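Okay, so here's just one chain, in structure tokens, the form predicted alone.
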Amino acid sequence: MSVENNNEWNPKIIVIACNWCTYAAADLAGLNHYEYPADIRIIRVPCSGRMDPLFMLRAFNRGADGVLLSGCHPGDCHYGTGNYYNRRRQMMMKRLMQFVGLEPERYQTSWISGAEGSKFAETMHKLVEDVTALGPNRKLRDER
């Protein structure tokens, strides 16, 4: 869907979610009928520490306008220290995005536990607002 062909552009957002917390929060949000934008696509990973920076770059290359990595609160990781690895990667990822010419705001991180369904919905609304304000991703996009 391009801006030229459609009067109303909707961002394509990828959410890489920890299986134990954020994915459970997404499930809880659905069970409690909390509404959140349909512009997101959730990819479940075992742990936020499993997220490789290449996943983010690949998502932008394949047409994503924004990427959110979300996992357990620091100290509550199911695997012990996975989210600490993710926290250390955040600064490197923001710098990498600036280096390749993408706005660092297109990549975000959040900590959402499995009991925070309402926080999940709020985070998705804010993410869509932030990415919509930036507009479509026109850099790093594969032109197939």
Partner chain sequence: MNDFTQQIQDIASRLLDNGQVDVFIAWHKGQQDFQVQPYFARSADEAQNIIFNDYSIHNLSNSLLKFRDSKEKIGIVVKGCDSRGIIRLLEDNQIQRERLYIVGICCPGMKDPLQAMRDELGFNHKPESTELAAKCNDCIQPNPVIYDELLGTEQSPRVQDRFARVKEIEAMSADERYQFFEETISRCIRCYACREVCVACDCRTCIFDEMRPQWVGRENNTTDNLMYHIVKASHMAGRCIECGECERVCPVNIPLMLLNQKVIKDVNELFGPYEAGMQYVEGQKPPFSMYEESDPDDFL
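Positions refer to the first chain, counted from 1. Just so you know, these numbers come straight off a predicted model, no measurement behind them.
Keep in mind that the form predicted together with its partner chain is missing from the display, and what follows is about it.
Can you work out whether P46 and its partner chain are in contact in the model of the complex, taking contact to mean some heavy atom pair no more than 4.5 Å apart?
Judged by the heavy-atom cut-off of 4.5 Å, P46 is well away from its partner chain in the model of the complex.
Taking heavy atoms only, is M93 within 4.5 angstroms of its partner chain in the model of the complex?
Heavy-atom contact with its partner chain at 4.5 Å: present for M93.
Would L57 sit within 4.5 Å of its partner chain in the model of the complex, counting heavy atoms only?
Flag for L57 set to yes.
Does any part of V100 reach within 4.5 Å of its partner chain in the model of the complex? Heavy atoms only, please.
Yes, V100 sits close enough to its partner chain in the model of the complex that at least one of its heavy atoms falls within 4.5 Å.
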